[in-house]
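Presented as structure tokens, the chain that follows is alone, the form predicted alone.
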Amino acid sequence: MTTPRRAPGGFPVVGIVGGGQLARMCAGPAAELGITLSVLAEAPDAAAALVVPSAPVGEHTDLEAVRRFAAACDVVTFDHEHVPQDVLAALVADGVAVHPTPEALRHAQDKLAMRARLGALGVPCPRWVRADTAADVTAFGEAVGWPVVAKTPVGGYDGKGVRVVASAGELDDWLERAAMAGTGLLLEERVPFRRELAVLLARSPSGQAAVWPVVETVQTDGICTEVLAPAPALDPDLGSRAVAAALRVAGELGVTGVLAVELFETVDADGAPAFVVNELAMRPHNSGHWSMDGAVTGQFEQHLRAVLDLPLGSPSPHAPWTVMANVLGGDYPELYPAYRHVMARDPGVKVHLYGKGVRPGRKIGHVNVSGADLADLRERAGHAADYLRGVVTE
């Protein structure tokens, strides 16, 4: 179906550009809220297209395809941050309600713009600079100490578009491409951090905001593999300051919808707990998947509420702890037998698979488990994810 069917009673249609797993996981909450979902999918078998009846096929870079799609929607939001600014501007000119707005989304699309804006707001960040030449790289490395972290300003995710380098020569190819594109590179000091944290919140156009508990994210080879909600042994003052910073970012940038603020937990010169902001994401985020089963209002329902300017739901957790473990592609191309086994072995584990083909290292799902014993939850979630991947067989 290419045209969404409106529910009777005046309920709206929410359009999502992009047919990945984030759009897919909005389908259940949309039905529960009584609204109609429509997805502009990359292919007929995209993850969201398998579960959303209205899923016309089109590219997010195709202006006319996006405009046709948006014309049947009351609100348009996004599965990813890669929709070009000229496409977004055309939607706004057409009178489409776009959330987050193009002005806000630019700070998630362009890491250099993000760093400049956060610095202007006084939000703690690593030392950084834009580099256009090898001399720029060398000067920065000598100023802050090698190695340094280099990032492509646009398009990176899950460790892609990031390099840790000990000399300018390691960035010759990136500098050449950046010069051709006129973008430059983002260089950051390498931050010695204790662990990675994330603050997830939702903000509506009318300014209402709701914040979930600060979580710890565990990374493996640049990919988030586990989330602990809430972050264990988090200093209360640090948590309050991190939440305050995230709310300020959301308000000052005019973010609408879900915002994830990824942090490094550090120590200051006096040895007290501190943080710096690593990344921003203006959409439902991997660090919030735990909330689907672990909070009164999950991030996908909350995102829909926020972009529609509905009253936001409670972000309070159901249990003392929830652990989310990502399922990465492994040895099982046919997941259903493993899926059945995991459900039978541990009925308390919630399994969410994305309808994606198995490819080594690809995120194909996640599992959530909640309770009072954190160590036990980590073991159970990890075992379920490993079984679905084929790492364990019993």
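Counting begins at 1, following the sequence as shown. Predicted, not measured: the structure shown is a model, and the values here were computed from it.
From this point on, the text means the form predicted together with a further copy of the same chain, which you will not see here.
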Checked Glu81, Glu265, Asp309, Asp110 for heavy atoms within 4.5 Å of a further copy of the same chain in the predicted bound form; positive is Asp309
Interface membership of Glu64, a further copy of the same chain in the predicted bound form, 4.5 Å heavy atom rule: no
State yes or no: in the predicted bound form, is some non-hydrogen atom of Ala49 no more than 4.5 angstroms from a non-hydrogen atom of a further copy of the same chain? yes
message = Residue-level question: is Gly329 within 4.5 Å of a further copy of the same chain in the predicted bound form, judged on heavy atoms?
response = no
Is there a non-hydrogen atom of Gly313 within 4.5 angstroms of a non-hydrogen atom of a further copy of the same chain in the predicted bound form? yes
The stretch from 122-130, 224-232, 189-197, 294-302 that lies within 4.5 Å of a further copy of the same chain in the predicted bound form, judged by heavy atoms, is 294-302
Restricting to 324-345, the residues within 4.5 Å of a further copy of the same chain in the predicted bound form through any heavy atom are Pro333, Glu334, Leu335, Tyr336, Tyr339, Arg340, Met343, Ala344
